[in-house]
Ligand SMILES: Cc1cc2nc3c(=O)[nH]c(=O)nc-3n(C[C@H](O)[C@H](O)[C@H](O)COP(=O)(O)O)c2cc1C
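A single chain comes next, written as structure tokens; it is the form predicted alone.
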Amino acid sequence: MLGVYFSGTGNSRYALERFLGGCGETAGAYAIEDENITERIKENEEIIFSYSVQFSNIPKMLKDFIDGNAPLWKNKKISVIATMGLFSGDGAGMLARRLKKYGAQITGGLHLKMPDSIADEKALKRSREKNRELVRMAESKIDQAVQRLKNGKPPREGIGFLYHLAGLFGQRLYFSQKTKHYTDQLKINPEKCVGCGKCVGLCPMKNLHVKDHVAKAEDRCTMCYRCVNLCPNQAVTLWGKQVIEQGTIETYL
């Protein structure tokens, strides 16, 4: 079983690695931006995807990855883990339907509530202890899902018509445009940025570069929030005007 993930602050990667570890799998977990990912997918018939839901939708970069590699999914047996800060309804189902369109066999789905990654907005902020509790609950849920899989009854959260309706009317009808395109709204504060280049290396879209000792953003941000959460000087923002609290999965372990 091969693990494939799209992750911003590490929630989806961590969930996938724990799931694979519980199953005793040794194939490993790889990011969609891994230079050898398509070859790894070709070599494995059973795949588990893990990704972070954005506005109850699939991140633009992940959509492009699935669509751009359409022939890879035919006859693959695929399960989906969807991580979210609040609610998605059919997080696993959205990706499952896209993969099924290209011939994949969907074998399961799992939803995990995890710490919010939107570092520059107060709306979803929780205390550090509450976030640690969310991670502990997610770990327990993953372990239960592994056991169900071993018993031949994998969970199917997000898969099915009622889940689809919940996702559609819960958020997607109102925020569908948010992930339809890449965004050009990433902002660098030149008074805080020291041109260290850390954000350049973090960006999965190669959307950042350093010029005249200051980071510059282009127009292909996929909203993963890596740079916002990991900039040492809190110089990067996306939806908000200032960083409220930075955090990655390691903060809550």
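One-based numbering along the sequence shown. All values derive from a computational prediction rather than experimental measurement.
There is also a form predicted together with this ligand; it is not shown, and the following applies to it.
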Exercise. Hey, of 109-117, 136-144, 159-167, 69-77, which bit sits against this ligand in the predicted complex at 4.5 Å between non-hydrogen atoms?
Worked result: 109-117
Seminar exercise, completed: Checked Ile58, Ala29, Ile48, Met223 for heavy atoms within 4.5 Å of this ligand in the predicted complex; positive is Met223
For this session: Indicate whether this ligand has at least one heavy atom within 4.5 Å of a heavy atom of Leu62 in the predicted complex.
Result: no
Exercise. Though only this chain appears here, would Phe87 touch this ligand in the predicted complex if you measure heavy atom gaps against 4.5 Å?
Worked result: yes
Problem set entry | Contact of Gly3 with this ligand in the predicted complex (heavy atom, 4.5 Å) | no
Seminar exercise, completed: In sequence order, the residues of 48-73 that place a heavy atom within 4.5 Å of this ligand in the predicted complex are Ser52, Val53, Gln54, Phe55, Ser56
